[in-house]
Every structure is written in C-alpha cells, then in structure tokens.
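This document starts with one chain, in the form predicted alone, laid out as structure tokens.
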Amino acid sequence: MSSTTTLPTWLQARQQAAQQRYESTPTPKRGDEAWRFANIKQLNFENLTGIPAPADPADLISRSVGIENPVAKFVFLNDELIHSKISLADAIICLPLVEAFEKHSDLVEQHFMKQETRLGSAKYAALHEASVRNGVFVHVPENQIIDGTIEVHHWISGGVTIFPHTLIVTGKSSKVRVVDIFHSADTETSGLAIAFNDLCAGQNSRLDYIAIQALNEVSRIISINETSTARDARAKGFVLNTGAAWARNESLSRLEGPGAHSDMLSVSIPAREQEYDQRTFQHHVSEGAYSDLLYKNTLYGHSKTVFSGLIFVDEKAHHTDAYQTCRNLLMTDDCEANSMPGLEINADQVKCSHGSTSAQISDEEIFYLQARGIDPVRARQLIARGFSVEVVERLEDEAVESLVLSYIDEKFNGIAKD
C-alpha cells in the first residue's frame, strides 16, 4: 500500500494474525504428503534482494499487449498500478484492490480469502494475506452481463516478491471474464510472485478466469486459487504455464449448490530445467453438481511436472458427476512426469472417474506427417501444439483462445531454436 493508504480495521487485524500464522507454520518438508515429489529447495527465497531493478513504466505499458479492446485493463509493476483504463457500466465495480479496500471495505470483507488453504501452501497463503498490497477487485451485480474481457498485467522488476490478489464476485445471473498475465521485466533477474485469486460465482452466474504465467526462467511463483460455485452457476478456471524456473499451482473448487458446474483446465509446457507442481481439489459439497478437470503437460529437456488431484464427495452430495484427467506428453527421454489422481466418495448414486496418462509421440505419427512433406522437428511441434489445443478450445472465446495460443506458440518457437 502507499504510505497514505489507511487500511480498514478488519484487514489490519487479519494481516497481524496472518503474519503470526506465517511465522508459526513450519516450512514444508520432503515427507509431507502435500509436497510429495516436490522440489523443496525451491522454497528457499533467500537469494531475493528485495531491491527493485530500474524499469521504465512506459515501456512495460507498451509491452502489456493482450486482447484487442478489453472492457477494462490494468497494468501493475511490483504491485503498484501504473496504468488503467475502464469502460464498464456504473453498476459494476472494477477497481485496484487498494481502492476497493477504501471504497467497498464491507463488500471485500465478505469474500476476501474465506476458504481454508488445504493443498500444502497454507504458510505462503498466510504470508500473502499478511503482505498483500494490491490487485484487482471485480464485483458484478445481479443480472449484469459483461460481454468483453477484463485484462490484468502483473510485472516483476528486480529480485523482489510481489503479492497480487484477484477477487471476483458475481451476483445472480451475471457474467464476467478476467485474464491475469504474469511477466518479468527482463530475462536475467529473479523474482517471486505469491499470487492468490478468490473466485465467488453467485447463483446462475458465469465466471471465467484465465491465468497466463510467462515469467522469466529464473523466477518462481506460488499461485493459489480458491473457487466457490453456487446453485446453477458455472465457474471456469484455466492456467497456462510457459515461464518461471519453478511454479506451484494450487486450485480448490468448492461446489456449493445443485446444478453448480466447475471446469478446471490447464496447459503447461516446461522445457530445459523448468518444474511445474500442480495440486487440485474438487470438493462436492452439494448434491447434483458437476466438475470436470483436464490438465495437459508437454515436457521437454530435463523438465519435471507433478500433478496431485483429489475429487472429494461429501456425505450428502448425491448425484455428483465429476471427472479428472491429467495427460503428459513426454518429448524427451530425460523429462519426468509424476501424476497422483484420487477419489474419495462418501455419497450414493455418483459418477466419478479419474485417470492419468504419460506417453511419447509415436513413430507412426511422425512418419505420417513426414510423408506429407513436413520435417520431423516441425512434425513434433505440430503434434505437441495440437495436444494443447483441445484444452484451449474449451475457453469458448475466440479472442482469449488466440491470446493463449500466442503464448503457447512463443514457447514452442523458443524450444525449436534451442
């Protein structure tokens, strides 16, 4: 926060409690189930200088390119707002979080970090809560439909830690789509992001959230998602990982009403020595709800992925319909993919399935494309791209799909040049 910002009393109390919780919570260790297969060494943040590197805000604003004509656009540099443009109806609240704390304190308090962080990073969620400075707050009232996309850019400059927070709340029969994009100002300086997003989908509403993680390959990120979906609402969360040396994604989706629908989607393309660690929890609280998870990882070099997911069905959540799929495409002999899908069912008359596959591209697929004049390197790239496209198409918005594919293509082109 700026020195002139006065935090609401409730937030001051919560930040003090969160700091105590952070200090008293042990650092994860190798034997913890929630960190199985994880590289615990990545939790050593001592090499961060805490000194921002010089950055030209005007240059970063010009580089913050995304969707053409978003309905709102925010650009942050080390959690400080450097640009905003908003063209939304007056009834819709779309503000930097620091302003929302001041102008809509009671509304923010109702929804801010209400769920328990239970996938392993409770210590870092507490650090985020104690340290959060800025982000975006979006509140879409009942019967308000936003046809376009809200776009948010988060830049890290220098060896600092940022704590971006995205809080989105939809009222009954409303609709919104938000895209968060994470960048590094340069390719050489390491940084850390401990990001958090709260998604609260009200009755019969639609909430789409897309996160594009494209940090430089010496930075790290812990990203925690907590989604609640009410009766007949639909929440869709998508994560793209192409950057960072190490990324930890934790996504919890809580289905709280009959007819609630949750889509959990991800595409990750690690290369060289990159590591992506993904933990998910599909929590069916109410009967008659639907969730579908599809994660796809394409691994190159000596890269590594970890996926651990659980579908949990409460005792009274009858007629649950839940699916969980993780697929790994191994592009080299030296990459490593670890998958641990799981089910825990405590109700009757449910349809639940989970599974994971890991495979390499077959010689027959390469031969088929070579027979049509495509060289082997290009053939492998086309197959890998097509493997990811199935997930991207489920975003159901042409502009957002094109944006996501531009980052995917940039990553594949970079790999081809290695």
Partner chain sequence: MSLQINNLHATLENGTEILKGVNLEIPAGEIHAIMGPNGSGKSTLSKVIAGHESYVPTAGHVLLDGIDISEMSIDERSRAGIFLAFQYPNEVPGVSNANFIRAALQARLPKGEEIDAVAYYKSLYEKMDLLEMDRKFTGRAVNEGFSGGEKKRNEILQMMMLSPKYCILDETDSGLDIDALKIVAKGVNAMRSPERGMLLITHYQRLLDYIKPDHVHVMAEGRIVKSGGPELALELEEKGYDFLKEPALA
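Residue numbers count along the first chain shown, from 1. Everything numeric in this text was worked out from a predicted model, so none of it was measured.
We do not show the form predicted in complex with the partner chain, though everything after this point is about it.
Heavy atoms of residue 359 never reach within 4.5 Å of the partner chain in the predicted bound form, leaving it off the interface.
Interface residue remark: residue 32 is not counted as part of the site for the partner chain in the predicted bound form, having no heavy atom within 4.5 Å. At least one heavy atom of residue 371 is located within 4.5 Å of the partner chain in the predicted bound form. Although the partner is absent here, residue 45 is not a contact residue: none of its heavy atoms lies within 4.5 angstroms of the partner chain in the predicted bound form.
Note on the interface: of 347-355, 37-45, 52-60, 387-395, the segment with non-hydrogen atoms within 4.5 angstroms of the partner chain in the predicted bound form is 387-395.
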